[in-house]
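A lone chain, given as structure tokens: the form predicted on its own.
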């Protein structure tokens, strides 16, 4: 039985916030991919991905993050990830995402991080 997954979109000034809810896996990754692509197509490349309600992520879900980061940064933006629950955060940590992305505890911290460093050099 597939697990539910929803991407909620909102804005914080010029920042787009994509809040992930549920299980991000091979079946649901295309929905997340479409959500990021829609933001880029609209010229919004300063993205916060809020994982507060993300309960599971597979390699397909992680691949979505990796597939867009270069394009977003080439356009002067970034993807900052916030609010990951410990079980999901551990996966990001093991795979070295902190070396590539800003991972912060809260949406407010992600907004602040954009104010300090709009994009990140890797």
Partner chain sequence: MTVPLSVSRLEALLESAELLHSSLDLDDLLRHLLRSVMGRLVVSRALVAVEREGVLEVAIARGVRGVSAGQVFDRVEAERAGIALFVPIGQETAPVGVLGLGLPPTGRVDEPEVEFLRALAGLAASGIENARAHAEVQQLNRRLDRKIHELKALLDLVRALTSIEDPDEVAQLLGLTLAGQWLVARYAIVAEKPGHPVVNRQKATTLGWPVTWWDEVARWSEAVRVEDLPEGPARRTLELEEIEIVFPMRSATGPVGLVALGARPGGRPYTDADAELGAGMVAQSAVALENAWHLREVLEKQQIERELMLAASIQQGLFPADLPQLAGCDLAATSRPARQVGGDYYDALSAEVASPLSRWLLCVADVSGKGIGASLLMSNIQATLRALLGREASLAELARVTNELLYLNTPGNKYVTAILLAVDPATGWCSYVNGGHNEGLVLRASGEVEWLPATGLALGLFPGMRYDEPTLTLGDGDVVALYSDGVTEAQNAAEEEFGNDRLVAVVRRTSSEPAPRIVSAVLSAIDAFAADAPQHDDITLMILKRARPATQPR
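If you're wondering where the values come from, they're calculated on a predicted model, not measured in any experiment. Residue numbers count along the first chain shown, from 1.
What comes next is about the form predicted together with its partner chain, which does not appear here.
A residue is said to contact a partner when one of its heavy atoms sits within 4.5 Å of a partner heavy atom; residue 109 fails this definition for its partner chain in the predicted bound form, lying far away.
Heavy atoms of residue 42 never reach within 4.5 Å of its partner chain in the predicted bound form, leaving it off the interface. Contact annotation for residue 58: at least one heavy atom lies within 4.5 Å of its partner chain in the predicted bound form. Looking at residue 35, you'd find every heavy atom of it more than 4.5 angstroms from its partner chain in the predicted bound form. Residues 25, 26, 27, 29, 30, 33 of 17 to 36 are found to place at least one heavy atom within 4.5 Å of its partner chain in the predicted bound form.
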